[in-house]
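Only one chain comes next, encoded as structure tokens, the form predicted alone.
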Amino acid sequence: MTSTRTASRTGLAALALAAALAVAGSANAQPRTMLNVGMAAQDISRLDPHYSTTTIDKVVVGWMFSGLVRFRPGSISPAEIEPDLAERWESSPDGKTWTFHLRRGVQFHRNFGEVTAEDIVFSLTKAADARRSGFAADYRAFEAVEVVDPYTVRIRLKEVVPSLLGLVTNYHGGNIVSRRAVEQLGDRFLREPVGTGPFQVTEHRARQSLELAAHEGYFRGRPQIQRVSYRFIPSDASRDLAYQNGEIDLIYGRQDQSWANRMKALPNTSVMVFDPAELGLLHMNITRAPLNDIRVRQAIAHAANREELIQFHGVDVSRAGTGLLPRGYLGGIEVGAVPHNIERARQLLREAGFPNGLTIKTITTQLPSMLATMQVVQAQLRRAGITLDMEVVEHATFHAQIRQDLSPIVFYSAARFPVADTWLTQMFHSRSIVKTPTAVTNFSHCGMADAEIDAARVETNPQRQLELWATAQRKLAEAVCAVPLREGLQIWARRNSVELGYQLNGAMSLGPLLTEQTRFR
């Protein structure tokens, strides 16, 4: 029979052994290298960066591609653009010829080889081709993109553009793709893209996740995060619960104060609010009845209540739209947004022949922050007798349908390179009207400011250029092509164990950039 003292000694020995094993296990534990990200989406749309326009796609595209130059991580300031695939560049005195000298040895994902001047020429030519890009209008000033030698590229312009570097940065059409991969993969490239960034696609699980792995040959160094699971969780409640349960480390948030406050209250959590602000405009198709009557457009503008929208979403995460461009853009002005006035809205409807109000069918995205805005606007317009009959669709479907001109009113929330030319050209130039060969995002069908937009693009006198941009905005505002609603800042949350590797003030990809320095503490 075993004595009590022997049993005690045996128990103590077992506890000591367990403690020793625990210490040894802790000492030998490997640092975490798998990052789980929760996105408000049912699935990705298109990962070819020259087509990626949705927030869902742009976030992950930012982890996979590089440009000739790039915004410094954490910044969206044009003053902080720095070398990326090009290590240096120079321009001619007249600003119409630019020469870029490439880094040597930069490798594409999945063994698609070294980046050469041919890939740069192919990428920028593709970006400028409306049949192969959603951003072709941005590159209309390009006369030629030429191979000088395997590591040198020359860009010749028909006319000076306000910011050439903005067109070759790691954003939209400036992202560089592998020529061999595009030609070899064909349509598969939309879901199996090949870039040079720190992370590469390994698997697409439809309506579940996009799986990525570190690009071991990344030219800035091997990423410290080895795997990323970009999970599609459209339900806000489900996404928040997954974060609270420890299933995800980085989460896309709702652009409202309550979400920010709730996340701030969670332990070991940091809420990140950053630029660019996405200006939400209510675009109105001026060619379709009843919106072809300016009095109806004015009535809608008077019925909208910006201050109510800001209070609804929260002062920390949004601000009132005061112009047709987001605040802070070079050349942007305040155009004196139409004041909220329900009685004036009703009077205008009566004058337009709608004494009993009217109903307008619209298509709206289910993306939480945008849907919430439209639901508030719907309630505001109803007070003036305007009923928005909203069809709510998945975000990728929304983008496809509004580009087919299927919705006479389009609430479109976006950010662009922060220069007036880019925004005005894409949103309000007649060349960008949807369903045209050079379509971009002109949903209003407005073109009354084309002359000023075109003249400003080639104007060499900075003051005169600003004046032209201002005149363009005033013309568009007088025609009530769109109603500025609110600017929504980007909002995400992360566990404090996740170290981004830089100070996050802004991200043109609309989500925290994952770099080779991102890691777990």
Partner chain sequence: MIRFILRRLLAAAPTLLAVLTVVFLIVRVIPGDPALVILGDQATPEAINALRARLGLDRPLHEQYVSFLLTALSGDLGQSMVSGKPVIEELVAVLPHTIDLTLASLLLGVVLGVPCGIWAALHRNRFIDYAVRIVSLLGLSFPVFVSGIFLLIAFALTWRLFPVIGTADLNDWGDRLHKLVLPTIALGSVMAAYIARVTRSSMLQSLSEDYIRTARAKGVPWRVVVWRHGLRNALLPVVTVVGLYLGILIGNSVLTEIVFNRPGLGRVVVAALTQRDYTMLQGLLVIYCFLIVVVNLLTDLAYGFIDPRVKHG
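The model shown is predicted, which means the values in this text are computed figures rather than measured ones. Residue numbers count along the first chain shown, from 1.
FYI, the form predicted in complex with its partner chain isn't displayed, but the following is about it.
- Taken together, the three residues 198, 226 and 498 all stay farther than 4.5 Å from its partner chain in the predicted bound form, as judged by their closest heavy atom.
- Contact with its partner chain in the predicted bound form, judged as any non-hydrogen atom within 4.5 angstroms, is confined among 95-103, 306-314, 246-254, 341-349 to 246-254.
- Under a 4.5 angstroms non-hydrogen atom cutoff, its partner chain in the predicted bound form lacks residue 118 among its neighbouring residues.
- Its partner chain is not drawn, but in the predicted bound form it has no heavy atom within 4.5 Å of residue 465.
- Mapping the unseen interface onto this chain, residue 79 falls outside it, with no heavy atom inside 4.5 Å of its partner chain in the predicted bound form.
- Contact check for residue 394: a heavy atom falls within 4.5 Å of its partner chain in the predicted bound form.
- For the options 387, 269, 107, 238, the one in contact with its partner chain in the predicted bound form, meaning a heavy atom within 4.5 Å, is 238.
- Out of the listed residues 160, 448, 213, 130, 130 is the one that sits within 4.5 Å of its partner chain in the predicted bound form by at least one heavy atom.
- Residues 204, 206, 207, 208, 231, 232, 233, 234, 235, 237, 238, 241 of 204-241 are found to place at least one heavy atom within 4.5 Å of its partner chain in the predicted bound form.
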